[in-house]
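Take a look at this one chain, the form predicted alone, written out in C-alpha cells.
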Amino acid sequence: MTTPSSHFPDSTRRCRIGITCYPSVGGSGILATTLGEELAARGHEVHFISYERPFRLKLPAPRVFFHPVEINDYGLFKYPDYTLPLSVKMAEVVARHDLDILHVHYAVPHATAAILARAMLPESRRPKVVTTLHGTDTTLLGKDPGYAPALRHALASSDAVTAVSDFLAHETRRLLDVGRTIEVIPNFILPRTPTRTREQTRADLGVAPDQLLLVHSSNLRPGKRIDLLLESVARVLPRESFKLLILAGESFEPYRPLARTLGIEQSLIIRERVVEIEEFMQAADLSLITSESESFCLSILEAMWFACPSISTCVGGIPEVIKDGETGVLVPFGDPDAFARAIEDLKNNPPRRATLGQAARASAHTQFSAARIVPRYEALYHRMCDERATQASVETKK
C-alpha cells in the first residue's frame, strides 16, 4: 500500500501553500485534502482555510495547519456572506505566514475570494492564485447568467487554472468562452491501509460469502441519480444474491421511500459520512455509478485501487478514467435495464470480473497515483514561485 512520502529531497524547493476547498463530503474536498497532506509529507508547508476542518483532514500533522473562517449572521444581510470573510482570512493567513500560493478548489466563491485577498495585500506580498476546477463550478454555474461573468473574471484573474479532466477543460472553454491555458491534472489517490481484512469487513456488514457486494459512494446529490441506482439494482435477480452498500456523504433518508417501493430495502446497507472508505472498498466486488454528469468521479478511482471494477454511465470525463471493457464497463445514461444487465453479466462471470479488477488496479497505480500526479502540482507551484520572486525583485528595484 502506498503511504505519503516521509523524506523530502534537499534539492527540491519548499513552498508555503494555502488551500481552500469545500470541507464537506465530495471529490473536490477529498482531493484537496489528500493533496495537502501529501505536499506536507514532501516537506511543503500547507495551510487549510475554510469554514470547517475538511472532512478527511487528520490533525495534528507536521507542516499542516487549519485556519477557520468565522461567518457572522448579521441582520443586515438576508443570507450570511462567506466570500468576504473568506477573503479577509486568506489575506490574514498569507500575511502572517508569508504564503507563496493560494490554491483554491472550485472557482466560486473560492477563486473570487482569493483574488480579492490578493488585492488587499501590498504587491510585494501578494501570493499566486491557482484555481482548480472540479465540475459543477463550470458545468452548472457556467450556464447561469447570475454566475458566469464572475466565473469568467475569476479564471481570467487567476495566475494558473487546472481542471481534473480534458472533458472539464473543454466544457469550461465552451461554456465560458475562456481562451486562457487550462492545464489538465487528473485526480489521484493515496489510500490508507485498511485495518481489517476483506473477510472481516464483509462479515461485519452481514454479507454472506456467496453474495456479491455492490458499492456506491457519493454525496447523494441530485446529479448522482440515486433513483437510477436503486431502479437498476431492483432489476437484478435473485435479490438474495447480492447486497448494495451505499457509502453516503449525506443522509439517505430521502431515498428510503423509493427503496421501499422497489422492494429492495432488505438488500441495502447504508453507512453515512464514512472517513475510512478503504475498509469498505477492499471488500466490494463491483462499484456502481449512475451519475448524470461527472468531470472525473473519484469514487471510481477509489474502487479501482482495490481491484474493484466499476459499472458506470458513460458521461463527462468518466471515459478518461474507465476503459470500457478493459478496466470497467460503461453503459448509456438513463437505462436501468442496460445497467442491470451489466451487473448480472459480471455477477455471473467471476473470472471476467477479476480480470477487469486487476486491470483497473494496474491503471490506478500507473496513471493516477500520488507519485505520478503530485509532482505535476509541485512543478506548477515552482513555476508560480519563480514568477512571484521575479515580480518581487522588480518591485524592490523600483
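Because the structure is a prediction, the values reported are computed rather than measured. Numbers for residues come from their place in the sequence shown, where the first is 1.
Omitted here: the form predicted together with a small molecule. The next part is about that form.
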Original post:
Since exactly one of 221, 97, 256, 273 fits, which has a heavy atom within 4.5 Å of the small molecule in the predicted bound form?
Top reply: 221
Original post:
So which of 164, 104, 284, 304 gets a non-hydrogen atom within 4.5 Å of the small molecule in the predicted bound form?
Top reply: 164
Subject >> 4.5 Å heavy atom contact, residue 136 and the small molecule in the predicted bound form >> reply: yes
Original post:
With the cut-off set at 4.5 Å between non-hydrogen atoms, does residue 232 touch the small molecule in the predicted bound form?
Top reply: no
Original post:
Is there a non-hydrogen atom of residue 293 within 4.5 angstroms of a non-hydrogen atom of the small molecule in the predicted bound form?
Top reply: yes
Subject >> Contact of residue 169 with the small molecule in the predicted bound form (heavy atom, 4.5 Å) >> reply: no
**OP:** Can you check 296-304, 81-89, 197-205, 117-125 and let me know which stretch has heavy atoms within 4.5 Å of the small molecule in the predicted bound form?
**Re:** 296-304
